[in-house]
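In structure tokens, one chain follows: the form predicted alone.
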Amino acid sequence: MAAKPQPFAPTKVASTRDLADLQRAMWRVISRPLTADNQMQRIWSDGRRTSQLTAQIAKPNDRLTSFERLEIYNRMYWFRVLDSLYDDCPGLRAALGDAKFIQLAEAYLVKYPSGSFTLRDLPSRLAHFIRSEPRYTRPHTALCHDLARFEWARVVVFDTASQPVFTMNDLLDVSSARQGKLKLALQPYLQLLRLDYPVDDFVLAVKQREAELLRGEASNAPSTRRKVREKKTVLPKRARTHVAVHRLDSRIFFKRLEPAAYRVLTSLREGATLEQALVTGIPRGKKSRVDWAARVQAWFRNWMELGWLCTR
């Protein structure tokens, strides 16, 4: 005799455990991927009709069946999370094209569904997913991995807390004999990226094109709209790039870094003393024509002006 199938949801809510089970059942329904024509799937993964399961969660009314009522939430969920990723990843979307980007986003959200009260964290594991599932981004997987890292860095920079900045007065409080042993911290929001592609320039070009497209759509001149649509953003060529993503006056900026400057900053972030960071970052060539003392002074002056440094 065949075993009786387990209830998909509790028949009544008589305890907090029942409520939690009902919420989990509801989540399984609304987070299940839509069909190709953006409808709720009619057959469940075990072969049962989805309408049998939705009837255990919601009652029909005089206008909608249980299936139709939950389909509204199923579609709302997917449209909202896809829309959020669409907005957060303009560079990745431009590199792949809309159709391929949506395929990537849907596969990503199936494996890593929204697990936070805020959509802010939605792209946090996208770079990892691209690296582990390259079939969605071939033949541009390396570029897309860099773009996902860069665009997540922009999210982090936007709302991560800041610490009191390290000022020139703080430096003057340290004797010259002890300055080499000084340990400086970097602002928590500051993101340092070593990339294989110059995606900072690419994303700026994409955002500029999108702004032009909006202006073109608002224009009465058909020729203006057509020119903007026909203008394509060229994919960047591979080139090792070091970028700091930071904010100033509540705005996000990208700043290119020399490789040595990047090494100094990452060493400071890892807890090195000022002296150790300089030894790690600056090349040791004896015949170098670079005036490293002047260059390092210029770096630190700029970093302090930007508020990147704080006391550890």
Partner chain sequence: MPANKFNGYTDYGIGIGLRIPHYGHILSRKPTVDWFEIISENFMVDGGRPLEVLDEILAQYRVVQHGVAMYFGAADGPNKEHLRRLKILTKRTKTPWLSDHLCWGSVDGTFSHDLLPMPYTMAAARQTAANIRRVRDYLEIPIAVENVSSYTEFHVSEMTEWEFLTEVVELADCGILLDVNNIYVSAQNHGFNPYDYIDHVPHHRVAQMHIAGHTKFEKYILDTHDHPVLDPVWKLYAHATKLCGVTATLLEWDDKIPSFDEVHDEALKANEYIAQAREAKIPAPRARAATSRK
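Positions refer to the first chain, counted from 1. Keep in mind that what you see is a predicted model, and the values were worked out from it rather than measured.
The same protein has a further form, the form predicted together with its partner chain, not shown here; the description that follows concerns it.
- Met26 is the sole member of Leu257, Met26, Leu278, Leu34 with a non-hydrogen atom lying within 4.5 angstroms of its partner chain in the model of the complex.
- No residue of the trio Ala211, Leu213 and Ala293 has any heavy atom within 4.5 Å of its partner chain in the model of the complex.
- Figure note: of the listed segments 179 to 187, 136 to 144, 153 to 161, 91 to 99, the one touching its partner chain in the model of the complex, with heavy atoms no more than 4.5 Å away, is 153 to 161.
- For the chain shown alone, Asn61 is a contact residue for its partner chain in the model of the complex, at least one non-hydrogen atom being within 4.5 angstroms.
- Looking at Lys237, you'd find every heavy atom of it more than 4.5 angstroms from its partner chain in the model of the complex.
- At a distance threshold of 4.5 angstroms between non-hydrogen atoms, Leu192 is out of contact with its partner chain in the model of the complex.
- Proximity of Leu19 to its partner chain in the model of the complex falls within the 4.5 Å heavy atom cutoff.
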